[in-house]
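The form predicted on its own is given below as one chain in structure tokens.
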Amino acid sequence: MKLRETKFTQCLVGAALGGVMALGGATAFAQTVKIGTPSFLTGAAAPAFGIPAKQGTELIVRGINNGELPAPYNTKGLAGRQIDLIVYDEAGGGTKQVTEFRNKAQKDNVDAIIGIISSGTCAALTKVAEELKVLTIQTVCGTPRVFEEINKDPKYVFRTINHATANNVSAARYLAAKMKDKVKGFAGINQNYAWGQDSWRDFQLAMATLIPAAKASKKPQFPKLFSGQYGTEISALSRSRENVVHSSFWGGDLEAFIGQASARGLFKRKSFVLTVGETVAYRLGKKFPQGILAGTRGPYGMYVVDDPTPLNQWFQKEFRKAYGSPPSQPAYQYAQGFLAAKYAYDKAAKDAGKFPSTEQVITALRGATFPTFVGDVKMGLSKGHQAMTDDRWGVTAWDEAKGEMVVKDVVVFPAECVNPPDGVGSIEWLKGGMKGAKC
């Protein structure tokens, strides 16, 4: 399929007449901040993940450009300049995305890249971003390898969301808190690439500390990414002795698995932990399984739908108005990356007394704590380039009054409870019994 690009560019406010803008007493020729945003616009990852991410991006950019957001983001633009947004397709694999990244940096002259869903894409682009010296804010991809193996001394690359370790540690902690005596063992079905492999490894290691009596399956399932058919794996899970099933499936794989497993009654016979299950809960409605654990890799989607903070209520209201559905995890996570950019550009401009350079923006974001929809995000790991947030887990249920899937019996795990201390690798921390966790 031909690559599809969309531009979301709004007019320069207040600069059109004179062609100049004032900032902190300094005057500069009016310009935009050009941002490239990769998201899955085609393929199996698009409907449940890529398109909501694009929608969340377009909404938050509209809010930033127009000055619609509540405080502290209630000024227009990034340090006064409008965002010129280029959304492009993340489909096609790592090699293609490296080419796309180089094109955006060297031909389109973007000031920053904000986005990226797949762990494989992040792994492929991290060193390229450092080579080309392009500010890159990764918004979703989960593999801890980005900063723990691939890029141990980052400068231009940030990630504004918890990585997979926090996601899986919090899942294990929920089981230990709520179902410890009921877990007789656990099996897994995860996609066969970095995200799936890391997720299973981290969950298995966390469970070894928290519920040591529950043993992991010796034959975890690792089907090919986006294979779409899981009859053999479902049969194996049905026959397994383990009563809990862990899966980090996402996108079309997750929807296909839910449909096929539901038809064979698997959700009635096993307890499930879907680490990013919330991503398809709104799409599937009543077809999404009830009574299972569904994660969001942080405080997003169903877990914050009723949170009263002004920024969150703005996002909920405007997203539903614009797109006719509630915002799920990807919409929040992409929007969160743009809030990080807004915070960093504005702070850097205030500190410099003029529109900031990329270096000054990086300095402002490194190690920062910035407000977001339902609390602060702390850039507390990997030399200030990796975010830490709380993580939330609960049990799914259908709410007839709302006509939506909701979560009940929710537990919030603080960031310091589910992330390793700064400077300690995820695997080392997990194998050492998660020492230093503050729960």
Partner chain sequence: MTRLLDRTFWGLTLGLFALLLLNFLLEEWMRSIGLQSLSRGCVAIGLLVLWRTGLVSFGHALFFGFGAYTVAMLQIIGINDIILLLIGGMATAGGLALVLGFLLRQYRAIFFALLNMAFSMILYGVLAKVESLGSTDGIGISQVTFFGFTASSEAYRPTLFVFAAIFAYIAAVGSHWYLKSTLGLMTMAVRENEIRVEYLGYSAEKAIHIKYVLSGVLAGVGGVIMALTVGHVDPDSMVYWTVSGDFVFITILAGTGNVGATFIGALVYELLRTYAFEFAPEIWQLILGGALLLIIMFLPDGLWSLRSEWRSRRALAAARSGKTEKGEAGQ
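Positions refer to the first chain, counted from 1. No experiment lies behind these values; they were computed from the predicted model shown.
What comes next is about the form predicted in complex with the partner chain, which is not displayed.
When the partner chain is considered in the predicted complex, only one residue from D351, D153, D306, E131 comes within 4.5 Å through any heavy atom, namely E131. The partner is absent here, but in the predicted complex a heavy atom of Y193, alone among Y282, Y193, F267, Y323, sits within 4.5 Å of the partner chain.
Against the partner chain in the predicted complex, the set G92, N103 and R145 is in full contact: each member has a heavy atom within 4.5 Å. Heavy atoms within 4.5 Å of the partner chain in the predicted complex map, among the stretches 366 to 374, 40 to 48, 381 to 389, 395 to 403, onto 40 to 48 alone. Using a 4.5 Å cutoff between non-hydrogen atoms, G120 counts as a contact of the partner chain in the predicted complex. Remark: T99 counts among the residues lining the partner chain in the predicted complex, judged by a heavy atom distance of 4.5 Å or less. Contact between V245 and the partner chain in the predicted complex is not found at the 4.5 Å heavy atom cutoff. In the predicted complex, the partner chain sits within 4.5 Å of a heavy atom belonging to K127.
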